[in-house]
Ligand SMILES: Cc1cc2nc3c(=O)[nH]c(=O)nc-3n(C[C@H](O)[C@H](O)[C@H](O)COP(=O)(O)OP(=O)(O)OC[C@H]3O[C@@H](n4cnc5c(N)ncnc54)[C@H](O)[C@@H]3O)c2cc1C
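Next comes just one chain, in structure tokens: the form predicted alone.
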Amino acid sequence: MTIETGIELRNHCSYRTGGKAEFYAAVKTDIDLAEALRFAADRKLEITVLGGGYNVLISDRGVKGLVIDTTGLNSHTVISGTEVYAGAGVIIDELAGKTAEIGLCGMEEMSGIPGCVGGAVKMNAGAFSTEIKDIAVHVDMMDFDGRRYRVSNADAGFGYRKAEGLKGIVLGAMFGLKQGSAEDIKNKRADILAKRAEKQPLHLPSCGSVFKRPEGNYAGTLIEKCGLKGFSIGGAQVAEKHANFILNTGNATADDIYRLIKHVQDTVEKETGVRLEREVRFIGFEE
């Protein structure tokens, strides 16, 4: 396991923006992770955990301390009956495809969700009528002192786009699925992927949904109602196809995207009284 310096983080996030990491470690095993944590502790470095980079905006100024990239962490899957154990680095969409192929249902509605198991579990990712909390049995974690521990579904503190009981770094998770018809599950998966392609702007870099769903409404609906579809700051633009997506049209800086997110929040609050809550995580910004 190698500690690198000056790594361009724009190459490690879906927005394709952001500065450099002061220190950077791409971990593949629990041992790698524990070693990276010791490196940070010995030097009193701040730690930033970066998974698939699909739900983050990284500052143009970069990130101080140690960035731990977990995309390669325990990237294996073990299937036993209807139980599926997936390491933190397993891509959620690939896991949904694999389980559909063998006739296990429960993950097909997560088809097309970007990112890896680690990030999905930590934010209780979901789509349509399924969230991680509905299928997780337990989650294996490592705290920032390098100690492993296991958290049951009941103790994970799952809520809307959060899991408050998961303190530390996800190593992997056990999912409980159900036996079904592989053909039916694959057909449902195909329908969901088609709906995503139809309704979401997947042709340009983005972080997916920028804002959480406000109670009794939809973020995209409120943004559209305020006339913000297509609104731009620099190279960042509110998508015409789905207003809860902010796109990098080719040359956006992280600051462009940051200012556009703030503008959308302020405008929607001024015109509707609703303060949209971010789903995207800011890294390296001073707020």
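No experiment lies behind these values; they were computed from the predicted model shown. Numbers follow the displayed sequence, beginning with 1.
Below: the form predicted together with this ligand, not depicted.
Novice: Decide if the three candidate residues 123, 161 and 202 all line this ligand in the model of the complex, where lining means a heavy atom within 4.5 Å.
Specialist: Yes: 123, 161 and 202 each sit within 4.5 Å of this ligand in the model of the complex.
Novice: Please pick out the stretch from 178-186, 77-85, 205-213, 146-154 that is in contact with this ligand in the model of the complex, where contact means heavy atoms within 4.5 Å.
Specialist: In the other structure, the partner sits against 205-213.
Novice: Which listed residue (103, 165, 97, 168) meets the criterion of a heavy atom within 4.5 Å of this ligand in the model of the complex?
Specialist: Flagged contact: 168.
Novice: Could you check which residue among 233, 45, 26, 49 gets a heavy atom within 4.5 Å of this ligand in the model of the complex?
Specialist: That would be 49.
Novice: Is the gap between residue 39 and this ligand in the model of the complex 4.5 Å or less for some heavy atom pair?
Specialist: Outside the cut-off, so no.
Novice: Check whether residue 127 has any heavy atom within 4.5 Å of a heavy atom of this ligand in the model of the complex, and answer yes or no.
Specialist: The answer is yes: residue 127 has a heavy atom within 4.5 Å of this ligand.
Novice: Would you check, heavy atoms only and a 4.5 Å threshold, whether residue 195 touches this ligand in the model of the complex?
Specialist: Close contact is absent here: in the model of the complex, residue 195 is far from this ligand, nothing within 4.5 Å, heavy atoms only.
Novice: Does at least one non-hydrogen atom of residue 279 fall within 4.5 angstroms of this ligand in the model of the complex?
Specialist: Heavy-atom contact with this ligand at 4.5 Å: present for residue 279.
Novice: Using a 4.5 Å cut-off on heavy atoms, which residues of 59-86 contact this ligand in the model of the complex?
Specialist: Contacts from 59-86: just 70.
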